[in-house]
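Take a look at this one chain, the form predicted on its own, written out in structure tokens.
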Amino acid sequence: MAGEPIIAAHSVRKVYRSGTAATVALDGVSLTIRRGEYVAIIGKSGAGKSTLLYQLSLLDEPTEGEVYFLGNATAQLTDTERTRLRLEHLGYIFQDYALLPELTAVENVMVPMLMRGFPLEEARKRAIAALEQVALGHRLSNRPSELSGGEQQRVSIARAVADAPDVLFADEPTANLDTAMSLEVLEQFDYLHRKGLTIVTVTHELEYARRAERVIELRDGKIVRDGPAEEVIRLRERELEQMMHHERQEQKGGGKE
């Protein structure tokens, strides 16, 4: 059961500028994420999925509009305050794992806690526990180059959750993984969600989005659907089937003399 509002976007607009050209990535998006929700953001390439994730996770700032964390506006925070908020309350998983190649698995997991000022032994203790939680207790001393893609992503999950964040954000976490490794990662998400963690993930795979409770679909920087996962995905699949049928009919028509 979802709890209190934890992250909210109010009329968020994001515009990227290059010289005189302007690209609208998000166009007046408003939504609320509640504690304990598992939300998947879907949409075609260029729909604004990752851009929205970056606004909600405070990794970027909107051109217009406001993002709230636990009811507090974030636009006026200093860079130091935003960094502190991210370190203390938010966890991140990226498609390229973002692990430091020279560090071992346990050292990679320790980094955010050390940045927060944790004593070395406390950070190490929590890092080991987090790696054991993702079934990597036997890989503590391995560097990223010695781990499979799925193992590297599980290290990044351990790093993200070692200090019990309020929200876990994941940007296409299975994009560089094969099906078996992707399922390993998604099973970790299922486990974390059952424990009550709030999860917001971006994916281009409808089957993976189906594992969430709620799905938000973006198109051209706007929310076009937002609701229970099964309902939103069923509508999206029906739409895709209609598009494919239309294309087949056009191809048949184009083949006639």
Ligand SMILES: Nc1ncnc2c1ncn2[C@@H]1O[C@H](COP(=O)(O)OP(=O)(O)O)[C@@H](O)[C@H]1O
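One-based numbering along the sequence shown. Remember, predicted model here, so these are calculated numbers, not experimental data.
Just so you know, the form predicted together with the ligand exists too; it's not on screen, but the next bit is about it.
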*Check each of 242, 249, 11, 23 and return the one that places a heavy atom within 4.5 angstroms of the ligand in the predicted bound form.*
23
_47, 215, 200, 29 - the one with a heavy atom within 4.5 Å of the ligand in the predicted bound form_ = 47
*Contact stretch among 66-74, 226-234, 184-192, 38-46 - heavy atom within 4.5 Å of the ligand in the predicted bound form*: 38-46
*Quick one: is residue 51 in contact with the ligand in the predicted bound form, heavy atoms, 4.5 Å cut-off?*
yes
*Heavy atom contacts to the ligand in the predicted bound form at 4.5 Å, residues of 65-89 in sequence order*: none
